[in-house]
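Coming up is one lone chain in structure tokens, specifically the form predicted on its own.
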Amino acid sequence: MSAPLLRLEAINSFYGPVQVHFDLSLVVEAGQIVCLLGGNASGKSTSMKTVLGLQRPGSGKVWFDGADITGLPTPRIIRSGIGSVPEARRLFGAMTVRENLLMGAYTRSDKPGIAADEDRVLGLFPRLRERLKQRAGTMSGGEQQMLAMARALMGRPKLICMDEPTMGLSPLFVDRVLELIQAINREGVTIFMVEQNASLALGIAHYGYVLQTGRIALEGPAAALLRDPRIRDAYLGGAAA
């Protein structure tokens, strides 16, 4: 059996004297959508920061594509094949849509490949093609989320980390963003997403983990977790959900 694309191994994380993760271990298999669920202050976003090198664990290892990336600088991690769609999108609001897209390819120098990828990404996000000259900060929240996803794809990642991709979006854009996550996955990109909305995340994921106060409380195939009464009680409003 081949090694998973991403593996967190016995991660213990701290903010000063406060411990956030307690021997956190999880895997993300290549080609899958894997979601990490949990409430506020459960350690979800810190998990994402740990993968991206923004938070160095006190102990434990992060493995990506067979290599130990624990504590590497974030630019090196991005160059290794990990893209990021951060919480609140973090776009360059004064720059145009096209300029933001090209920022996603800042680690690349292959101009013909970048041009080809720009055309491919805009085919996946036709709304952005219509707004290439528009300043990113003037777009709606849903459009900005699409741009953040498209920007991540411009780096040709093997894995994209998405932190709360549906947060703050209208129901219409939530559905569209979820469809786009599945479309990106069908193109061969593995997705690791942190999400509070269990029903939405498990509805598109292959596998899920539930994080509670820094520990994995539940894990399993997404379809099984959706049927688990513990998930219904904690996240979906009980058996009637």
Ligand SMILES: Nc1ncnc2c1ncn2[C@@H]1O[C@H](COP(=O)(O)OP(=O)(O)OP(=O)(O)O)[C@@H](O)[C@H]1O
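Quick note: we count residues from 1 along the sequence shown, nothing fancier. All values derive from a computational prediction rather than experimental measurement.
This protein has a second form, the form predicted together with this ligand, left out of what is shown; the following refers to that one.
Exactly one of the stretches 22-30, 61-69, 37-45, 180-188 approaches this ligand in the predicted bound form with heavy atoms within 4.5 Å, and it is 37-45. When contacts are judged by a 4.5 Å heavy atom cut-off, E87 counts as touching this ligand in the predicted bound form.
A residue is said to contact a partner when one of its heavy atoms sits within 4.5 Å of a partner heavy atom; Q212 fails this definition for this ligand in the predicted bound form, lying far away. Shown alone here, N197 lies farther than 4.5 Å from this ligand in the predicted bound form, counting heavy atoms only. Contact check for E164: a heavy atom falls within 4.5 Å of this ligand in the predicted bound form. Looking at 130-151, no residue comes within 4.5 Å of this ligand in the predicted bound form, counting any heavy atom.
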